[in-house]
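Given as structure tokens, the chain that follows is alone and in the form predicted on its own.
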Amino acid sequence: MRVVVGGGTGFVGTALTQLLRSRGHEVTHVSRRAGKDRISWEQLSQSGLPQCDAVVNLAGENVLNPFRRWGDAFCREVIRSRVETTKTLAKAIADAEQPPHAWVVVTGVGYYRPSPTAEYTEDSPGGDFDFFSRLVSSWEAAALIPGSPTRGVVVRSGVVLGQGGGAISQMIWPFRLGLGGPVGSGLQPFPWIHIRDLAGIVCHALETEGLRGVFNGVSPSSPATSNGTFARELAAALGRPALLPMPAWAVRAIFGAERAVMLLEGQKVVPKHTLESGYSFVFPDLPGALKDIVS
């Protein structure tokens, strides 16, 4: 297949690109600047979609960037980087003379309301209770192309774990120094997925004719994982203790109250449709996933 990937040079995009190319597919990125195997967002808007078989959007500003203050300007940037890029790609698909066969957008499990007890499948309601849930609703709505022959897939991703980026890169050094620990109470659910499985689910959705709709991008053991469990397992993988919790007040001070919810609360998310679709997880369990990442 010829696959166009928005945000393809980022953390998840790099992993997806490697997987797709290893399976014989051609990949063109959409990014800020044009280059080899790459077009710019401006070129896409002006000239339309290059001829392709599938389109993926992974673009999005890092919401948990601790160096960016949470405020109106950053909120607008977070929305624009997700919703507007998705709209741009959806319009290009709708306007294409030969539309692609598949269109995949990776959003987030922030769609579901945080709860210590409720379990959510792809059929569960959500999307209308705080900034992040409404963001996901707007993001997924932007991907809709009424009347299009292109099959649409949404992958709602959990916390992506992998080498060289994502959540692990922000916490690895405190844990290596023996200064890591749970965030807040540590009791909150921790919906996670190994980066190879998130890339794998997207690739599976592209390659499997007939797959459409929503798929949860979380590990099968994710519903049983708390933040405290994750902290202990990461410390164990590094041969270190996990004794120093990060208190809730510190999280709110660094990230702001609205953004801190993403760290201090969580959702038990089940990949029901993902498993039913025939996808086989490479890293279904946390110890194996972390061993692969830190070794």
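Values in this document were obtained by computation on a predicted structure and should not be read as measured data. Heads up: residue numbers just count along the shown sequence, starting at 1.
FYI, the form predicted together with a small molecule isn't displayed, but the following is about it.
Peer 1: 31-39, 263-271, 232-240, 246-254: which one contacts the small molecule in the predicted bound form at 4.5 Å, heavy atom to heavy atom?
Peer 2: Single hit among the candidates: 31-39.
Peer 1: Would you kindly say which of 49, 59, 54, 27 lies with a heavy atom within 4.5 Å of the small molecule in the predicted bound form?
Peer 2: Only one listed residue qualifies here, and that residue is 59.
Peer 1: Please pick, from 159, 183, 199, 102, the one residue with any non-hydrogen atom lying within 4.5 angstroms of the small molecule in the predicted bound form.
Peer 2: Of 159, 183, 199, 102, the residue with a heavy atom within 4.5 Å of the small molecule in the predicted bound form is 159.
Peer 1: Would residue 190 count as a contact of the small molecule in the predicted bound form, using a 4.5 angstroms cut-off between non-hydrogen atoms?
Peer 2: No.
Peer 1: Can you tell me if residue 148 lies within 4.5 angstroms of the small molecule in the predicted bound form, counting non-hydrogen atoms only?
Peer 2: Contact check for residue 148: no, nothing within 4.5 Å of the small molecule in the predicted bound form.
Peer 1: Give a yes or no for residue 139: in the predicted bound form, does one of its heavy atoms lie within 4.5 Å of a heavy atom belonging to the small molecule?
Peer 2: Yes, residue 139 sits close enough to the small molecule in the predicted bound form that at least one of its heavy atoms falls within 4.5 Å.
Peer 1: So in the predicted bound form, does residue 11 come within 4.5 Å of the small molecule, heavy atom to heavy atom?
Peer 2: Contact check for residue 11: yes, within 4.5 Å of the small molecule in the predicted bound form.
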